[in-house]
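First, one chain by itself: the form predicted alone, in structure tokens.
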Amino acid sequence: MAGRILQHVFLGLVGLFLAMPLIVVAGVSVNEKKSLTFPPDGLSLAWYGELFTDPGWRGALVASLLLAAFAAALAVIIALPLAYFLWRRIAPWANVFRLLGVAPFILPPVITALGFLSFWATAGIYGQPVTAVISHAIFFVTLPLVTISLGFTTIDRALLEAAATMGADDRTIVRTIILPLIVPYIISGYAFAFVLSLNEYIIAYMTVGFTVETLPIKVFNALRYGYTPTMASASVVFVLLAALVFGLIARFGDIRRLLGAMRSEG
């Protein structure tokens, strides 16, 4: 009994320790005065209003949302045919493409960012918004690749054989059987890539940092000119958005399989 109580106390302390940074940031975001102090000196939600009304902060927020939306979509477009190719194992060297798919996410972000910087500068289009979209899509393609690949493993191949026996061609099988079964995994992969792209700083800064100001870049730039609780409110909004997206995945998706806790049957 005492051991169980100690275990709960220990887990509670660990949880509190992990939550302390968010608690401090949330407290700073409602500080009435324009200072990063905790506990807050008075309470005010004005800094959240400034995040959406100030042209600089609002523009950075919109830029981040657009970048994340397009980058996540492109990552899914790349990952879907690649995952299908790997699932069908059309060639014995298919695993080479799997390695290429996960390689960008394995490398340190700063190394990948420097590579993108050199490539886009050589190509002569450094600083264009499309470079950040493509760079983020390549860097985060691992996430939809993994989730969509897990979705393919849940498909019972007997269904495909039965459809082929009934005269369905490959295109019909893909449209009527495969795609409906993997849609939740496609959405999950898109959501994972969207959230991480929304919060990514290094690659965005290296590709469009001097022409497009995303919200993470805006936060770091704001540190040069003085502290403001608006930075904390932006962080809280990002955390809440990520919690909402992952909560929806947990509610409507197979979160245990997505996290690798379950092996596919059959």
Partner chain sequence: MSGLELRDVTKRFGTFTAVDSINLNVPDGTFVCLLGPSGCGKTTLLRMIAGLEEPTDGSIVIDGQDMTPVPTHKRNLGMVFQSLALFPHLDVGENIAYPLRIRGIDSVKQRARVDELLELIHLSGYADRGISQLSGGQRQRVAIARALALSPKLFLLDEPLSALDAKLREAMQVELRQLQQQLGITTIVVTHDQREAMTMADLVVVMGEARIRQAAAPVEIYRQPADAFVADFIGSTNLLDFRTDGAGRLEVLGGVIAGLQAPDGLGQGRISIRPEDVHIASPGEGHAGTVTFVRDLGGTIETFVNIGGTTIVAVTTPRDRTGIKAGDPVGVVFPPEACVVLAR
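Note that the structure is predicted; figures quoted are calculated from it, not measured. Numbering follows the first chain given and starts at 1.
Form predicted together with the partner chain: not shown, discussed below.
**Student:** Just to confirm, residue 187 within 4.5 Å of the partner chain in the predicted bound form by heavy atoms?
**Tutor:** Although the partner chain is absent here, residue 187 would stay clear of it in the predicted bound form, with no heavy atoms inside 4.5 Å.
**Student:** Going by a heavy atom distance of 4.5 Å, is residue 153 a contact of the partner chain in the predicted bound form?
**Tutor:** The answer is no: residue 153 has no heavy atom within 4.5 Å of the partner chain.
**Student:** Look up in the predicted bound form whether residue 124 has a non-hydrogen atom within 4.5 angstroms of the partner chain, and give yes or no.
**Tutor:** No.
**Student:** Answer with yes or no whether residue 146 is in contact with the partner chain in the predicted bound form, where contact means some heavy atom within 4.5 Å.
**Tutor:** Answer no; every heavy atom of residue 146 is more than 4.5 Å from the partner chain in the predicted bound form.
**Student:** Do any residues of 138 to 169 have a non-hydrogen atom within 4.5 angstroms of the partner chain in the predicted bound form? If so, which ones, in sequence order?
**Tutor:** 156, 158, 159, 161, 162, 163, 164, 165, 166, 167, 168, 169 sit within 4.5 Å of the partner.
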